[in-house]
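To begin, one chain is listed below as structure tokens, in the form predicted alone.
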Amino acid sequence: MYLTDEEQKMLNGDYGEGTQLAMKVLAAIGEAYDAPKMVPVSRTHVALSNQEADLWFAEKLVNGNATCRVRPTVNPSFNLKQFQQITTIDKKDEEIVNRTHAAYNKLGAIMTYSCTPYLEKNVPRFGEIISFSESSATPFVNSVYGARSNRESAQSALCSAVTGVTPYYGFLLKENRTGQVLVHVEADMNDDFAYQMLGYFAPKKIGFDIPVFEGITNPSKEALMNLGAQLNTGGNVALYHILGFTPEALTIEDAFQGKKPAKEVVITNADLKAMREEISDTSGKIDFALYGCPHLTIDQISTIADLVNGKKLAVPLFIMTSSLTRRLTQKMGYMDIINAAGGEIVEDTCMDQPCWKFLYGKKGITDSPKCAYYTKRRDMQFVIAPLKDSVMAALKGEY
């Protein structure tokens, strides 16, 4: 593939071993996908995972004196200080949190620790070429904003942050963003939870193709957040269109770029009900409630505060959100209400972290199929239910 003089200098090691490694990774990806060249990126987001492989790669870049040319925002790890007040944290887990923070800080990352950077701090514009990892972020920036990102790994996005470029292939090209399957949504999309189930179920019918949803009207930002997160969990869908709503699908001609859909499918209430029954644990007693996969917005936390105001929760309730939103809950009084009921709002934290060991082997409730999916490997079981219903269950201790 063609490299500019500057890119060739990076590959030759003129800017140090860290930058050289980053360019080697990107050049290899570019060659694998027949990319003709690199293109500049103006934004990056890295799905920092706080796990051994993530730390190994970040420290390898640091030890090679790399720094980020396009500073990335980063995904959540867990908030060590908060969780030391909630539970006992193993020394090994404490060490990896501190080392990961130090490594990314040295690289020049912006330590937002949020999985919803597209709502605050890192919001792209239409057509902007960017490099985003994180399963809920990539569909949102591609589909809702019309920005252009491939479905990056944490490492490839970090390499783009270091070098400031990405290989020119895939979803960066207009012709690869055309819809492939027309999805007639006949299910009742009456609340944000319906989008959780639509996103998780749709890949069963569309595979890895790009869906164009027809029959959806004015979804909320939370609904869109849910839809993308689940499309990229139940399947591998980094781009979707909603007919008459998302910027590249204002008409059916736009959505399919003048072509005919390769196929058409229908999704009904029965489909979503069956999907939920398949992935949800059975109803009954619950031990805890967990929300924030992706991180909850201030409006979602407001809903929970209204439901628990003046009441006592029967089981512990945890809400994960960004530090900015958590600060807002303090200002608006929601934190006092939720704490008084027995709940906790934790910042900078993901559910796929060892800080939740005290919940292993227990049964919880959540509104997010993605939360239930990722925590299975940590021996956590979940009933999956709409947000309001699940909070009411936490007040009673059963669903």
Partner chain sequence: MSKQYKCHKISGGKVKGELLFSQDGLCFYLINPKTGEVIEKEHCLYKQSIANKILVFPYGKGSSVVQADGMYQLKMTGMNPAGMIVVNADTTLAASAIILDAPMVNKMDSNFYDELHNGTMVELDADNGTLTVL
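Residue numbers count along the first chain shown, from 1. Because the structure is a prediction, the values reported are computed rather than measured.
Omitted here: the form predicted together with its partner chain. The next part is about that form.
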Considering its partner chain in the model of the complex, find the one stretch among 62-70, 49-57, 36-44, 338-346 with heavy atoms no farther than 4.5 Å from it. 49-57
Using heavy atoms and a 4.5 Å limit, would one call Q257 a contact residue for its partner chain in the model of the complex? no
Even though its partner chain is not shown here, does E152 get within 4.5 Å of it in the model of the complex, heavy atoms only? yes
May I ask you to check whether F208 falls inside a 4.5 Å heavy atom distance of its partner chain in the model of the complex? yes
Answer yes if any heavy atom of S135 is within 4.5 Å of a heavy atom of its partner chain in the model of the complex; otherwise answer no. yes
Within 4.5 Å of its partner chain in the model of the complex - does that hold for a heavy atom of every one of D93, E95 and I298? no
Checked N236, N309, Q84, S220 for heavy atoms within 4.5 Å of its partner chain in the model of the complex; positive is N236
Of these, Y169, Y145, F245, F288, which has a heavy atom no more than 4.5 Å from its partner chain in the model of the complex? Y169
Out of 344-373, which residues reach within 4.5 Å of its partner chain in the model of the complex, heavy atoms considered? D352, Y373
